[in-house]
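Only one chain is included here, represented as structure tokens and corresponding to the form predicted alone.
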């Protein structure tokens, strides 16, 4: 009588390779569209390639050595730092305040959430067009409103002068970025057990003490996510500046992203431009590492 060999429970023939086979398509896409372009950019940052010619020379670290002496890079780094501080601090605080307000007994909460989050889903070009019209020095709504309430002396070309252009672009960026932290904080607030507040009330804690000693510690994971993603986003800023001021007037609103673009596609200094891109990438990766580590620890 023939016998049939049974495999051991939990073991499947070829099972050792199954995870790799499932992961293979994603690995191929990852290598083809991320790793290979990244390595190519790193290589071209070490050359004087103009982005069009078939030939180029290897210049080593010359492009990187040129960065500190480039006055536009100095301006761009300063603008990036200002942009990072303002567009993280203001939307995070405003988003937290809105989340706390909407987590209470407020009429029309779904409508209010929709209103506050809508800017986050609008195309950036649309936002730039809307705010470009609002800032228009001749017939824009902002200057018209100032003149209407008797403050016409404050009316000015918001995007047309060095002193106000960067700050004027930050306003729509804040408007755009407030909805995301608001939703994250709102979800985190709804996950805090009421028993914690009841125990704090029994112990005689005031509303302010409950906020600092119960609410804020419970929101720590949400703080990590909001701050890390906002920080990475702020270093990648490009589209809002490009669409509203094109880096001007002059170079007053240049950031690293726009200056990289101008060098690669306008001035045909692709080697220098990719060196700027590599620096932006390294900063974004360095900033993202603490966030990834914190998420990995939570997952384990």
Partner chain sequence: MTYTRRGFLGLTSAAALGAGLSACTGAGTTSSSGGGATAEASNNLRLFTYEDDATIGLLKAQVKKFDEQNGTTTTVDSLPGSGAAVYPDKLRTELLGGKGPDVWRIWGGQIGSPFAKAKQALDLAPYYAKFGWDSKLNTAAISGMTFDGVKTGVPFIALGIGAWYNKSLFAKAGVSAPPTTYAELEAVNDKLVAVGVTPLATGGKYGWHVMRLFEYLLEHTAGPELHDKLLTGAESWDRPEVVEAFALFKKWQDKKWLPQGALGLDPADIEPGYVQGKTAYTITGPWTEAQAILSAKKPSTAFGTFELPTDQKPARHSGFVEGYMINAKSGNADKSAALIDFILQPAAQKAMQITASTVKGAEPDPKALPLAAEWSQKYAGNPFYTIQDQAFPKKEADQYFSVQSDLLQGSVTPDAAAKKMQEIVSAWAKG
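All figures in this text were calculated on a predicted structure; none of them were measured in a lab. Residue numbers count along the first chain shown, from 1. The term rigid core refers to the maximal set of C-alpha atoms that superpose within 1.5 Å between the two forms.
In what follows, reference is made to the form predicted together with its partner chain, a form of this protein that is not presented.
Visitor: Residue-level contact is defined here as any heavy atom of the residue lying within 4.5 Å of its partner chain in the predicted complex; does residue 159 satisfy this criterion?
Guide: Output for residue 159 is yes: heavy atoms within 4.5 Å of its partner chain.
Visitor: Would you please decide whether residue 138 lies within 4.5 angstroms of its partner chain in the predicted complex, comparing each non-hydrogen atom pair?
Guide: Although its partner chain is absent here, residue 138 would touch it in the predicted complex, with heavy atoms inside 4.5 Å.
Visitor: Taking 4.5 angstroms as the cut-off for heavy atoms, does residue 243 touch its partner chain in the predicted complex?
Guide: Taking the distances in the predicted complex, the answer for residue 243 is yes, it comes within 4.5 Å of its partner chain.
Visitor: Contact between residue 67 and its partner chain in the predicted complex at 4.5 Å, heavy atoms?
Guide: No, residue 67 sits far enough from its partner chain in the predicted complex that none of its heavy atoms falls within 4.5 Å.
Visitor: Counting only heavy atoms, which residues in 18-43 are within 4.5 Å of its partner chain in the predicted complex?
Guide: 28, 31, 32, 33, 36, 40, 43, in sequence order.
Visitor: Examine residue 52 after superposing the rigid core and state whether its CA is displaced by 2 Å or more between the shown form and the other one.
Guide: Shift of 2 Å or more: no.
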